[in-house]
Ligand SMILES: NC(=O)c1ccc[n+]([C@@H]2O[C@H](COP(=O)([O-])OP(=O)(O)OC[C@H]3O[C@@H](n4cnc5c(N)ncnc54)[C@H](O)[C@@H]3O)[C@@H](O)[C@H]2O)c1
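Quick setup: one chain, the form predicted alone, written in structure tokens, and binding and motion questions come after.
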Amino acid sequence: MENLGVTADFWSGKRVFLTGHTGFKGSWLAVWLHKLGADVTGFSLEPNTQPNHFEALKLDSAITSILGDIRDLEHLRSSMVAANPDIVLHLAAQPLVRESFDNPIDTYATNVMGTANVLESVRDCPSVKSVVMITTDKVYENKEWEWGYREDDRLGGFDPYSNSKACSELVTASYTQSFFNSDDYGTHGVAIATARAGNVFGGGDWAKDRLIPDLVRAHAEKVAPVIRYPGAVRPWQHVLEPLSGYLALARALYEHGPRFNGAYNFGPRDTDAQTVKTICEIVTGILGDAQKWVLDDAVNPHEAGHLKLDISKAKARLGWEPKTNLDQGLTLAGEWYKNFAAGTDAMELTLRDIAAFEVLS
């Protein structure tokens, strides 16, 4: 396999249509693509937190930013056609488990019909060669296994968020078979894959009900963080880890076509799947707090107790594997928040982390 690393020699000049660019992962990806010389058009709702990474970066001055809803097919389709992209990266979603219990219909509408709308728009956009649809580690039917889920394990999802993302995988598979079949690649020229990442953290995430932002808020307010499931095990990873996988996959699809169709896990090393309690203690230490937390004794929605990803396929097919370990990633994130709170520019901090990540072997 030739080098599929994240390099400017491939990405410079590529036209990229990125949904969800105002979100946490999307804004990091937009910055990285812009740094690599790509021509980025983002399509997303307005940021839903204050503060947020997108506005802190002043990203609308660096890329073409379109405010829109992926549930609006006509606006999405016309925007994509006008952008004339080579590559489509679909990150827009309702991404929160607890929010999905409060608003299940909106969650399904965004995550299922939004996915269908993106793929339907690709059908009308002949410039597109490579499509990566981002889902989640929670698409699997969770059996509380000790080992990592593989891409061919059964899909499911207990809560509306997880289930809606599993449904989006089925939508993508159906569109691929029906309209972008590999046997007809010479006619349509489109290669499509889905990507499943773990529990992602990094500077600039202020979403509610996510562990690292909750710890940062507790630190700022000088209160003990409230933790729901201290014994729950998750595949934690710095945001740049899965993003590097998405970019490697998009490049493989662009250069090699449907040979790389299918689903791919982009998770951490198995040893970095740790408990919520462990993450809490590491992060509070980085932030400078006493390592204390308070158990949330409220009645909370169901969440999986044990979740890991098997990343052997991404290693074998793409030559991708994590660059950072858990401590390195959490230190990057913790220092980002500390420096931002001290007044350092968000773009400077973000580019600094990207540069540090790029030189890791």
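Note that residue numbering follows the sequence shown and begins at 1. This structure is a prediction, so every number in the text was calculated from the model and none was measured.
Form predicted together with this ligand: not shown, discussed below.
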| remark: Answer key, this ligand contact in the predicted bound form at 4.5 Å (heavy atoms) among A56, L326, A62, L45: the residue is L45
| field | Partner-contacting position among D310, E335, D39, D69 - heavy atom within 4.5 Å of this ligand in the predicted bound form | value | D69
| request: With this ligand left out here, work out from 81-89, 129-137, 182-190, 211-219 which stretch has heavy atoms within 4.5 Å of it in the predicted bound form. | output: 129-137
| query | Can all three of L29, G203 and H238 be found with a heavy atom no more than 4.5 Å from this ligand in the predicted bound form? | reply | no
| So in the predicted bound form, does L119 come within 4.5 Å of this ligand, heavy atom to heavy atom? | no
| query | So in the predicted bound form, does any heavy atom of P160 sit within 4.5 Å of this ligand? | reply | no
| Is G198 close to this ligand in the predicted bound form, meaning a heavy atom pair under 4.5 Å apart or at it? | yes
| request: Answer yes if any heavy atom of T110 is within 4.5 Å of a heavy atom of this ligand in the predicted bound form; otherwise answer no. | output: yes
| message | Given a 4.5 Å distance limit between heavy atoms, list every residue of 21-39 close to this ligand in the predicted bound form, or none if there are none. | response | H21, T22, G23, F24, K25, G26
